[in-house]
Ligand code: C2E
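Only one chain is shown below, in structure tokens, and it's the form predicted alone.
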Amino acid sequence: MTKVKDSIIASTMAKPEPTKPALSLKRKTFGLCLACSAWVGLLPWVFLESQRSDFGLFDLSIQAITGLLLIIPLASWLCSVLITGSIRTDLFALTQIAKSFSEGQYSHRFKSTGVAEIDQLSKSLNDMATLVDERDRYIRRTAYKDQLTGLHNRAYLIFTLRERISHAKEPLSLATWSIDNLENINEVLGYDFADQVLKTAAKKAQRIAKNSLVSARLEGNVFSILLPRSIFDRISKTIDLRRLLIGELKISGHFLDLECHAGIAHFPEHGENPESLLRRAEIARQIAKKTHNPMVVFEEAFEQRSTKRLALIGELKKAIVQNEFELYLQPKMSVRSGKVTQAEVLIRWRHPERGMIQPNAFIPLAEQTGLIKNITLWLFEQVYAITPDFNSGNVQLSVNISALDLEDNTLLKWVERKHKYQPQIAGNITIEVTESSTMRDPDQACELLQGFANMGFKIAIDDFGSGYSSLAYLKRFPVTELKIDRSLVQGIDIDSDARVILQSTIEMGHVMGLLVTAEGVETDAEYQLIHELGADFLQGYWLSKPLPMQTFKEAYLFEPYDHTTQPA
């Protein structure tokens, strides 16, 4: 913007091109009046000449006076007409140009008139128009551009869509795609490297879709391209469009496989305004991501599903208030003793009309809307209420908290208030956090978990081995237990490499002084290997599925389960 101003100031300070000298309005008026005075000055001459005629002196005087009285008003009127006419045209032209400026048309300029006062006014208007035009161009450039990638932004995409749709020149195709593993790249390689990924992906999009009407970055990791349908049909039949979504990038010596998914919406069949097209392309993209399909074209059924999802969000808010949730517990068995001494507390939603709703149907919605914090508080309230009974039955409980719970201290403050009145509860509860959630903001997570540990809670890292956590950070966390993700457990009886990895993970956990739980154990063979490799606890369908709280109590609470005497 400084460069724009400097160029304008320089142009206004430059010497004007040589022109004929301008007359001031005063001099021009003086000249006209002088001409009229000269005309009136002829009257004495007429009077003298009339004396030589045959008329009498009295008659001649009357004639002279009468002529003078007639000529002076005529001369005045003529002078006013000449003065007014000389500036009216110029002022009207200035008015028209000023009106065009107010309408956003800055290309018109006022030419020199030869009248100094008017030329000065027109020069000021011309300079103002130049400044406003340059500023307007600058604002348009910045308002419609993404500063990181150089692509257009959402505002420009909507503007172009609206223009194209209003003229209805041709069918259009809108593709919205995202880099879905960008968060992992952030965690491992840092934000600067992730920015380089976005810039490289933008250049790739411009190169592959070079005939697109618009290539835009909508937000974060989401991009969009707008194409005429004919071009879209042509490149979608080749590998060109899929090259946006599948492929390897080399950046600063690193080779990265990007996980991308795209949603497609067509004009006019999928929407007749920009908002509808964008929304439906986004719905299709979300479906592609969930189904692990590189590219999905919008269908009407998707929107019905989306409508149900929105309805479910509204009902989820009511469920928290109306206490529609139920506690389920999944037992954890000590590998050495064969007895169930722990249980993980889980949540289920018994909808009054839809029946039982599983966590994978509503927990993601709760996380996306922030309602997960309310659900976590409800869960802790219930756990505090039931812990005395389970403790008397020699069963300790564990409870999960989400990534959002680690990003503020609302939960910690709530627990601290509870802890003042029931300090004995903390020692019988293990707080589980996923590996990936701790890596979103390790410093914040470490501080928050330390607060729980100071009250006596045990801390477990859940789903260990499924993310990209740093062992250096894990050493900083007040962790007491590693729960190995089921992806490292399943198939260890038939895959020797998987067995080596699992064994190394168990040994690493023990070296760090941690208890180790193997999750997802489902077969006798997997149980035998877990036992041989020295894990401390196991959890999975081999032992038991999650059970309603009352069922769990009847099975395990007062008579701890022994796998040697009781079938799985």
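Start at 1 and count along the sequence shown; that's the residue number. Note that the structure is a prediction, hence the values are computed from the model and not measured.
Unshown form predicted in complex with the named molecule; subsequent notes refer to it.
Taking Leu131, Leu258, Ile347, Leu448 one by one, only a single residue has any non-hydrogen atom within 4.5 Å of the named molecule in the predicted bound form, and it is Ile347.
This chain appears without its partner; in the predicted bound form, the one residue of Gln490, Thr149, Ser436, Ser236 with a heavy atom within 4.5 Å of the named molecule is Gln490.
Contact check for Pro268: every heavy atom lies farther than 4.5 Å from the named molecule in the predicted bound form.
Using a 4.5 Å cutoff between non-hydrogen atoms, Ser402 counts as a contact of the named molecule in the predicted bound form. Shown alone here, Arg279 lies farther than 4.5 Å from the named molecule in the predicted bound form, counting heavy atoms only. Among heavy atoms of Gln330, some come within 4.5 Å of the named molecule in the predicted bound form. The stretch that touches the named molecule in the predicted bound form, counting heavy atoms within 4.5 Å, is 352 to 360, out of 182 to 190, 291 to 299, 352 to 360, 335 to 343.
Taking the named molecule as positioned in the predicted bound form, the residues of 504 to 522 that bring a heavy atom within 4.5 Å of it are, in sequence order, Glu519, Gly520, Val521, Glu522.
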